[in-house]
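Consider the single chain below, provided in structure tokens and representing the form predicted on its own.
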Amino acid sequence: MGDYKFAKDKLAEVLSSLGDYQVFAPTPAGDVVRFLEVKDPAAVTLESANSTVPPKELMFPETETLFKYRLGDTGLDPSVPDASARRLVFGIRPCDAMAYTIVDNLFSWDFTDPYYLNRRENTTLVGFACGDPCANCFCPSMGGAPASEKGLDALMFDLGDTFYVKTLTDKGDAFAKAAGLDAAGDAESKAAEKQAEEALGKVKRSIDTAGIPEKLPSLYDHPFWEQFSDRCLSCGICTFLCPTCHCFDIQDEAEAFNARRARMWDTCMFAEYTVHTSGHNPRPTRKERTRNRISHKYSYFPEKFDVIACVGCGRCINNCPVNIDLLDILEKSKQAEGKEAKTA
């Protein structure tokens, strides 16, 4: 693997040189920043601390067609992504790249999902280290860091007038070659190491997760959930903007005789998410839904996959319209007196 660099004022030129890839990068879209396909390299922004909308939609789209069919026929027309296509995500933050490694567990678990996994296989991830973490970032508590290399093919640092690029995989080297990057030296490498160390010291929030996965089941009926759920609006922002939340619904849609089966994002914070055909809802209030969201990320998921389904990006805290703070919930869960865990 190698060390490369390019002048900051050559960013648009570098992006334009990647014609063999379908390139996605953080781009302003109205009042938010999200990862969009690069049509105009000059529109790409690396100024935002993190995109408003996580790039999970590049592997797990908000809505996607699984297959098409015609009513009355027995044939199906699958819409599986081309595994040989070349895609590149440019400027992804380390926390969002780490999120992919967590969600991978689900989509390659009891069934290997070709829709998600084909996209993962054909995508190169070029990360962008955080020099100034957001106020609510707590990635080190989740095993990450502002310059974490987990899940990345290359990691880029802003060194002022220059971007330093450290390649980590063969995919990363292929990107550097395609972009025609210049070789970097010890000066750039040491400057990046210093920046990474300083950025780690700028992370102000943290949570000691030790014991939380084991403690949460004992709080199943605890009234402390009401402290947070009483003001929850069930808007779903915390889940839709979470890079590891992966709930989805599957529906069949038809127009005349042409139909499709589609998968689309859903959220456990919506009342109808758990409504049974009988009309019964095992999570009838916001209290049960808040409990499930936290327990899933911090207890159920780690019990099954040995990793907490959170990367400490802080989006759920930053964007909650009623200021519900995830770290506050977790700290209070540690203080609460638990009972014997329910088995159902």
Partner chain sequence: MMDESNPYLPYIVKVEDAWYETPVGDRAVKTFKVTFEDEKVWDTWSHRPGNCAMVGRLGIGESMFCISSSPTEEGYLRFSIMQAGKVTSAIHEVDAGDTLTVRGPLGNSFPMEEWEGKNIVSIGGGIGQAPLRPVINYVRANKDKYGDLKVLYGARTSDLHCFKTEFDEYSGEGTACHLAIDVEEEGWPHFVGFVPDLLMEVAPSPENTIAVTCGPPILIKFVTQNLEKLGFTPDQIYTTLEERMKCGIGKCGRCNVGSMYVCKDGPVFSYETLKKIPEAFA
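Positions refer to the first chain, counted from 1. Everything quoted here is computed from the prediction, not taken from an experiment.
Beyond the structure shown, there is the form predicted together with the partner chain, which is absent from this document and is the topic of what follows.
- Comment: 262-270 is the region of 262-270, 138-146, 91-99, 192-200 lying near the partner chain in the predicted bound form, near meaning a non-hydrogen atom within 4.5 Å.
- Checking 46, 43, 275, 307 for any heavy atom within 4.5 Å of the partner chain in the predicted bound form turns up a single hit: 275.
- Using a 4.5 angstroms limit between non-hydrogen atoms, residue 39 is distant from the partner chain in the predicted bound form.
- Taking the partner from the other structure, the partner chain in the predicted bound form has a heavy atom within 4.5 Å of a heavy atom of residue 112.
- For the chain shown alone, residue 84 is not a contact residue for the partner chain in the predicted bound form, no non-hydrogen atom being within 4.5 angstroms.
- Mapping the unseen interface onto this chain, residue 246 counts among the residues with a heavy atom inside 4.5 Å of the partner chain in the predicted bound form.
- In this stretch, 206-220, the one residue having a heavy atom within 4.5 Å of the partner chain in the predicted bound form is 220; the partner itself is omitted from this view.
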